[in-house]
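A lone chain, given as structure tokens: the form predicted alone.
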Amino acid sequence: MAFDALSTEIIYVLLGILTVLIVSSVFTFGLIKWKPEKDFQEISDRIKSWWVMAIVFTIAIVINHNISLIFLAFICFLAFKEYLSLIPTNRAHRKILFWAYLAIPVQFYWIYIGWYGMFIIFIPVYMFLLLPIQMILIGENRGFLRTMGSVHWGLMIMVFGLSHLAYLLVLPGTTGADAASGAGLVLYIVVLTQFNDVAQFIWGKAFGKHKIVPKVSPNKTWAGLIGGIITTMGLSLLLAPLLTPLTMPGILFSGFMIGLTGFIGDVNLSSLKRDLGIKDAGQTIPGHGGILDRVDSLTYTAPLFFHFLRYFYFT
């Protein structure tokens, strides 16, 4: 899928995203110059991170179809690698990480050939059963459960969950003459998920008083969650007719689902970071920490949106 295969609707949406980023950057620059005594560093860093994410995912959907799959596989690799760097494990058990990393190209091979059956069971079933065999052969029992639990959880969230983004590109009905529609689906879920994060942040800052899970993420409020969901549903009404085959009930439900599960994906990773005593998973993206800090919501929204779409619209 090359750039010239993109539909007019997708190009319009990409230009719209570019316009929003330019206006936001100019507006923030003006605030910094107008009120130098105020601290706008957090907003400035967030806008820089949005530029990075917009460029990254635009590249992922506008270049050659096969390269797009490789690119998304690399995102999974970076997320999984960053996750493993946070988890303390027995040194002797690190030998199984080779097999865990090998699961990434294998998983994406099933996507490349469009074998849904293997795609959906390879990591949850085969890797779940095969990795303990390697651990047994290592012969070190201390920390067995911790290592197995950590590696399997990471594979499920960072690889299996995120790989659903890539499978959107090869869903039956999104290839051939209508090749751009797969890109539209990826663009839709990524834009709504990231926009939901932004909307919940803004609503929470403006009106948030009642915290939802203060021990996990003290900045998450009911105002942020509800405002984010409503705003995301509104954006879905605007973008879904351009990028997806969704009917009105599907548009509203997908907006609600992305708003709610994006929040769950975010606090899910927050729980991990709280357990490990860290603030950010890394420093890859300015203002937003590491790769995990940016794909946390997608680990929930991508698979749930994929299966909703496949069951009701691509059966």
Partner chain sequence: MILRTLFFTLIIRPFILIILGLNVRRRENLPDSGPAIIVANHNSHLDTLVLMTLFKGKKLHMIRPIAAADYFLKNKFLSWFSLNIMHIIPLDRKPKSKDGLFKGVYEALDQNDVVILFPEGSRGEPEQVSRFKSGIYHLLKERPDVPVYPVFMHGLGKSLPKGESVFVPFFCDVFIGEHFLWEEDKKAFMNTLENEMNHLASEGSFPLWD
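Positions refer to the first chain, counted from 1. As the structure is a prediction and not an experimental result, all values here were calculated from the model.
Keep in mind that the form predicted together with its partner chain is missing from the display, and what follows is about it.
Put simply, of 141, 219, 85, 134 only one has a heavy atom within 4.5 Å of its partner chain in the predicted bound form, and it is 85.
Checking 128, 153, 115, 74 for any heavy atom within 4.5 Å of its partner chain in the predicted bound form turns up a single hit: 74.
Across the options 76-84, 156-164, 227-235, 185-193, residues that bring heavy atoms within 4.5 Å of its partner chain in the predicted bound form belong to 76-84. Contact check for residue 146: a non-hydrogen atom falls within 4.5 Å of its partner chain in the predicted bound form. Although the partner is absent here, residue 120 is not a contact residue: none of its heavy atoms lies within 4.5 angstroms of its partner chain in the predicted bound form.
Although the partner is absent here, residue 109 is not a contact residue: none of its heavy atoms lies within 4.5 angstroms of its partner chain in the predicted bound form. Contact check for residue 209: no non-hydrogen atom falls within 4.5 Å of its partner chain in the predicted bound form.
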